[in-house]
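First comes one chain, alone, set out as structure tokens in the form predicted alone.
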């Protein structure tokens, strides 16, 4: 955590204004500051009736929400009911205990990225991108790779020293690994949006193991991204970097240069 963030969480003694702006201990906000009010939605596998609403209220109370008010209930077919519950949570957060994965590399301009790649490799950096398994959601991987880019930034295809091979959607792990070998890839970028039954975690672990086996003398960088990934799970999943929602092409390109220069491996 940066010194600025630490000072915000731990203001100097007597700095009343800083304490007011950045309280260390916080509760959820509903109608008034510190009232602890939260809104929770969930589905129970029971038909919609009076007992179902009572069950939803009990469920919320057992989660520590008290009082718990069922403000919305709707049948989802004959055997399921969707609920929205509003109530007070007693949870108080100590912001000093919140884990944060800090970005350890600077965001570089495109010309500096190109020059660094050329000076280190004396060739273009080869990047393979895909959505693996049954995932057909290419918006994320296209936003990073395609020249049109995302959030006003051009994608990796824009960088003259980066060769991009975008394999698209529903790519099998063996096919991705084979293409990475054929292209002698420096990095493999994978986007995963389909997360039912933790499919994104299963696919990532499978890909990591397959790449390690296929490149015994050093595999390509493995970078994954998607809305349900936790950036703190890199070691657990066997990847080099995890990017979450909101990542831009420039951030990915800067990371690749940072890793290429020995900042990671």
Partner chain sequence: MTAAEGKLGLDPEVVRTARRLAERAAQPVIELARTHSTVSVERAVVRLAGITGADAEGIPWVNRLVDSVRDQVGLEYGVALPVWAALATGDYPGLTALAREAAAGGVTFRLPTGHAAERARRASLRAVAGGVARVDANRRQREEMIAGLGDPPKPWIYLIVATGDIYEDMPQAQAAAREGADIVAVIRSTGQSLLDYVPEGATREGYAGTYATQENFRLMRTALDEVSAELGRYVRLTNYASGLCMPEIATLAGMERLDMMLNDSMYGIIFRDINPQRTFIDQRFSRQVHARAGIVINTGEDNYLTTADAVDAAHTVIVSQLLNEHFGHEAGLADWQLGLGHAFEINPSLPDQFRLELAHAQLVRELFPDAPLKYMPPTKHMDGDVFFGYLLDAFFNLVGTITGQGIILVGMMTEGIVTPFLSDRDLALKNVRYVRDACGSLAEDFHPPRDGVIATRARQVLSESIDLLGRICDDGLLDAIAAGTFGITKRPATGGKGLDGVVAQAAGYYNPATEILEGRAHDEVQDELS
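Positions refer to the first chain, counted from 1. Just so it is clear, the structure is predicted and the values come from calculations on it, not from any experiment.
Omitted from view is the form predicted together with its partner chain, to which the following refers.
Contact annotation: its partner chain lies within 4.5 Å of heavy atoms from the stretch 136 to 144 in the model of the complex, the single such stretch among 136 to 144, 180 to 188, 104 to 112, 156 to 164. Proximity of residue 152 to its partner chain in the model of the complex falls outside the 4.5 Å heavy atom cutoff.
Not displayed here, its partner chain is kept clear of residue 121 by more than 4.5 Å at the level of heavy atoms in the model of the complex. At the 4.5 Å threshold, heavy atoms of residue 209 stay clear of its partner chain in the model of the complex, well away from it. At a distance threshold of 4.5 angstroms between non-hydrogen atoms, residue 29 is in contact with its partner chain in the model of the complex. Along 69 to 88, a non-hydrogen atom within 4.5 Å of its partner chain in the model of the complex is carried by 69, 71, 72, 74, 75, 76, 77, 80, 82, 84, 86, in order along the sequence.
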